[in-house]
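Included below are structure tokens for two forms of one protein chain, each presented in isolation as structure 1 and structure 2.
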Structure 1
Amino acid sequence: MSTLKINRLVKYKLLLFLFILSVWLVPCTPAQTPEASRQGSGLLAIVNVRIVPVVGQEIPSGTILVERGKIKALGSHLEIPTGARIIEARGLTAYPGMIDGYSSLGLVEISGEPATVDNRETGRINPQVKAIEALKYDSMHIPIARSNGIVAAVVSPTGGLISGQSTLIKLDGWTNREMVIKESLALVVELPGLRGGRRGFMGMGPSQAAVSTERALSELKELFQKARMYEIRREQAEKNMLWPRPDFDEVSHCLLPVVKGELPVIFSVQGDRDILQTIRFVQEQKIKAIFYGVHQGFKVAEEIKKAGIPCIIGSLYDQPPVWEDGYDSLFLNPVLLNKAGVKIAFSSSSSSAAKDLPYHAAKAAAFGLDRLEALKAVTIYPAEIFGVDKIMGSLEAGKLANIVLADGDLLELGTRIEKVFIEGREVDLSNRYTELLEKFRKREKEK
């Protein structure tokens, strides 16, 4: 009887223990599942989907298989492995996720509120500042850009002559570091624009003094030269114990990867003559260069092509800087550059309007850019320009599964993005817009 009692007691204790254990474990279980899928280990099959791989032939209806965050295979007659999560996508089109060639995502939250602006350091020479180190990973603009089909972006500092170091990020991650694709993508140099000095709007914002491109480039040349000398003197000091080590020079130190040709320079350059001068500078200095903005690139497209320098087109939401170029010169610019064989990528040049990236490409298409070329200029071309085309920029087996499912043409205004996968993970498409709409819709429903 007593043993039975004890047995019972043990039994109850065991049950109780199991109960507590289960209570303790249950909340963890659902947390583990998304964690597992976050790592993208699960098999995924997107079926009955129109596939626009950007590189290669379009598939009117097919399947994309995703495994461990990468595209395993895609085609019209694929066998679906057992255990794969199946996503029915009839009526939808799969595109590679877009890449914004130049933005201030994560650095500018509310442009008029200095407390929320982190893209413009004071002073003119700032090679030491890195966009990645200030990136607000939970910026309200990132989920909005993502819900428009953008999966990666260049984030750039601005201002001065040397603005800092830009970064290339994917639009998903719990910290700034989790978002890194390329921590230091390029050094950003801003040459003077065609409109000369810039004044702040209504007494707000920074102003910029007018300097000639010639002067700016000679200043850069001096800085680069100084960095090279600095390196030589440091090397000498390393070799010879009696040789004095030069005082630490932050600017030279940060410019070393550039003068060694390891870190490219993004030159913000607009006028045709300024572009030609910059090409000469790049060749003399033997550095890697990418042009940004290039308002009058169309006038020297052949020279840019010959120099092999790719161009990130600045925002098309701008007036032509020179009236004589014609009202449509900014729209025609990417068309003519592309025709000349220059590699182009579009950019939002913004954070709050980063979601408009596809519309810049479509605008150029309205003025004559081939529609597939327009699509390439927001996917595979930026991937090539930034040296990440082996892992992203198109839907191809072996590449990261950055997939956008759209209910229409990716660049079209009315198109809705139904699902976005970044490295195989399905990302949340809710954002500030949808959250506030839902919140205030409740008022209507209350009645």
Structure 2
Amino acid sequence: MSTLKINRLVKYKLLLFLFILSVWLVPCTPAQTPEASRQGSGLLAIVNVRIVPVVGQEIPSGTILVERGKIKALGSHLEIPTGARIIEARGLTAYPGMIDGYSSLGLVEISGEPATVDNRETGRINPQVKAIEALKYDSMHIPIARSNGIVAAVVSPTGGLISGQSTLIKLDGWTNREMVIKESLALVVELPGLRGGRRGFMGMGPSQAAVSTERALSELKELFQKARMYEIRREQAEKNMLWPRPDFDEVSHCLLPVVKGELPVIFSVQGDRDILQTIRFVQEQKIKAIFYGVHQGFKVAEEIKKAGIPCIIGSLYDQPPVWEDGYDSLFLNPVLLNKAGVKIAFSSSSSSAAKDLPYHAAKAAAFGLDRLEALKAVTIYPAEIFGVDKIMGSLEAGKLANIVLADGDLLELGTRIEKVFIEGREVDLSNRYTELLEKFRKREKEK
């Protein structure tokens, strides 16, 4: 072998040895998960801020310490750890991020364009359908809602008797799965509404729905009973091999968590008589229930309270279903339900108008709802209703750092949202509205 070839061989071996040595000497650090990366591991301190935790006493001027996506501590005399990132918030108020109790965010982009509407499945009975599967994570309505202090939303399907399963999402994430807080949140059941009720203004009286609530509940009862029998047959087949195992029934299988009391049901119900029928049905079937809409809930508020069923108030942009109830019945409805002791939460019932969630609470406050109760109805109350109050809904140590910094009252139209944090991460507040604003500002300058 020539001297040149030997020298090359020695050189290659030496380079290989140095490469292995360099890799071996690099200190091993634990891999950081995508979620940890998004939350950040460093400390954040929001200082000199007025804190409205919605539970407990308000702090006129204090500090919120955030670590790994959660609130580590908050108070008026906290020592700031060395190396913490400090945000000066003098003149601002910290609120918990708001939760939309019922929406179509990510499911409807332009309601008049069918290709962008994906909030319903064909057929009447669809317990297997999950809203998360159709969620458009890059919907332009999500950053718009987020920029107004809304950090989470219940996304619900619609259509048919059993519409499917709603999902609780955070309004931040690169994919629909990354946005999930609780995938199977509740089953959505749509009962007949007060169709044509406004005709009562002309003395004609409200028209009857094509399918009565009584008939719809009877059909629902049969489906629940079928699911219970399906489970009994499956259990018997597991205990005794001589028993034939039933064929897979998708509807019954997906209803099992409901009849077992593991998955609540959101009943979309409006009229007072329909509400009373649904209360009896819920008690008879022994299932967990949440009422949505409840336009005439104020007429049977005491019965709802006794049944212990919480209510998600429908959009206050609607008109009264029956004129005889009065022009202000929808605004007074949450006030009277709250006074009766019913736990309420507000909803946008929309995608394009999801940004207006705080103003629904403000309308009710203008008609007599206590302002703190109105604030709770977009923060801690929806969290309690959907069983996530241990992790969100208020500013408390140990909860997710979902924080909104505003220059005034969160429910006031003129309040400016300065910063929003979702799980401790400051999110971008730019959206379609801010893009248009900058576009026309630039146009004015060019003139």
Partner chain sequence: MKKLTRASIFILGLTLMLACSANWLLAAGNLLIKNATILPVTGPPIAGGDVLVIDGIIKQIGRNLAAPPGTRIIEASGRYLIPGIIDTHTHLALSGTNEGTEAITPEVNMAEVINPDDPAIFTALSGGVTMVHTMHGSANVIGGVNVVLKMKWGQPSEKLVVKEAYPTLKFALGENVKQSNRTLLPGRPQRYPATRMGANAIIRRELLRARDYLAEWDRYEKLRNSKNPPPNLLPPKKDLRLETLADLLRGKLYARCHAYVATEMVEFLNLAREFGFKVAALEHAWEAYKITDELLAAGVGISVFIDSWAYKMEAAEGIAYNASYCTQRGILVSINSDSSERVRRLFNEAGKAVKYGLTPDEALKMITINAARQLGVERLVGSIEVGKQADLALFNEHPMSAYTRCDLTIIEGEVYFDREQLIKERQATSAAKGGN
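Residue indices: 1-based, along structure 1. In this text, rigid core is short for the largest set of C-alphas that superpose within 1.5 Å between two forms. These numbers come from a predicted model, not from an experiment.
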query: Correct structure when looking for the form predicted on its own; finding: 2
query: Rigid core superposed: P246 CA moves 2 Å or more between structure 1 and structure 2; finding: yes
query: Threshold 2 Å Cα movement between structure 1 and structure 2 for S218, core superposed; finding: no
query: Threshold 2 Å Cα movement between structure 1 and structure 2 at Q236, rigid core reference; finding: yes
query: Core-referenced Cα shift (Å), F440, between structure 1 and structure 2; finding: 4.1
